[in-house]
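Only one chain is shown below, in structure tokens, and it's the form predicted alone.
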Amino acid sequence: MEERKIVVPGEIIVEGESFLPGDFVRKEGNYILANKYGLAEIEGRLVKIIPLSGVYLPRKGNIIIGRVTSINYRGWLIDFDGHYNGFLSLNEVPKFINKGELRDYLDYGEVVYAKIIEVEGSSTELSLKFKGLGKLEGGQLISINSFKVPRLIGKEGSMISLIKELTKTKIIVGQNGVVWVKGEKIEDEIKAKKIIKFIEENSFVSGLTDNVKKFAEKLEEENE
């Protein structure tokens, strides 16, 4: 990585014919300009922005975490912190379920890790027919701005691996900004939540990994 800085829409990020536009940027002549407020990254020739604000908009292929809010004979309505709810139909679960047994499989308030398979207008279709998806039991949910998810995960999963190591918890991150955390002790879950919120609030800061380690050390000292 050669550069990382905060930019605003219309700001020139870099000049040069060899650079290629990635997410949330555009090319005008020899310039790459920002289309969104966020953190600009230059990796080799590719220039992109990690947005630092905005509302989650569902996209086909995204993996999200949501909660069951309604059940009918066709399936489950899932709240995933988007503009609209998602729908998980009986046809998109990995086992046969009789129409009278939906609550035995997924009940009101239960949490699922699901994939978006179709988005059309206000309709978002979900599926559990992919490896690793399904009901998430126990633990707690933490909501962050969905545009901060790449910073929370880190390059090649480095940041989320660090949090797991520091807190001894299991963590699953939905692309909608909902994070599931489960630890053997509630104190571990609370520590993970504090670190995740710290990353969300400081996502624009360079040297974030070192700052996270220092923050975790401070939490340990406070608990001694």
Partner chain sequence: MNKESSYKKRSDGREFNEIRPIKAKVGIVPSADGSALFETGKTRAIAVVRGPRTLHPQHMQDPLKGILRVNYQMMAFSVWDRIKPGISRRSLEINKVIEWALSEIVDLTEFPGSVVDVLIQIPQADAGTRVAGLNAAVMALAQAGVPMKEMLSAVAAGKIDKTLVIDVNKEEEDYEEGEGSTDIPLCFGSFSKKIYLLQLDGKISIENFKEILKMGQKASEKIYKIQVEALKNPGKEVRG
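Positions refer to the first chain, counted from 1. Everything numeric in this text was worked out from a predicted model, so none of it was measured. Each form is matched to the other, and the largest set of C-alpha atoms that superpose within 1.5 Å is called the rigid core.
Keep in mind that the form predicted in complex with its partner chain is not shown, yet the notes after this line are about it.
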Q: Decide yes or no: are 28, 35 and 122 jointly within 4.5 Å of its partner chain in the predicted bound form, with each residue judged by its heavy atoms?
A: yes
Q | Candidate from 168, 45, 59, 155 lying within 4.5 Å of its partner chain in the predicted bound form - any heavy atom | A | 59
Q.
Please identify the residue among 23, 11, 210, 15 with any heavy atom within 4.5 Å of its partner chain in the predicted bound form.
A. 11
Q. In the predicted bound form, does residue 161 have a heavy atom within 4.5 Å of its partner chain?
A. no
Q | residue 219 within 4.5 Å of its partner chain in the predicted bound form, heavy atoms | A | no
(Q) in the predicted bound form, does residue 127 come within 4.5 Å of its partner chain, counting heavy atoms only? (A) no
Q.
Taking its partner chain as it sits in the predicted bound form, is residue 99 in contact with it (heavy atom to heavy atom, 4.5 Å or less)?
A. no
**Q.** Residues in 41-63 with any heavy atom within 4.5 Å of its partner chain in the predicted bound form
**A.** 53, 54, 55, 57, 59
(Q) Rigid core superposed, CA of residue 36 - does it shift 2 Å or more between this form and the one not shown? (A) yes
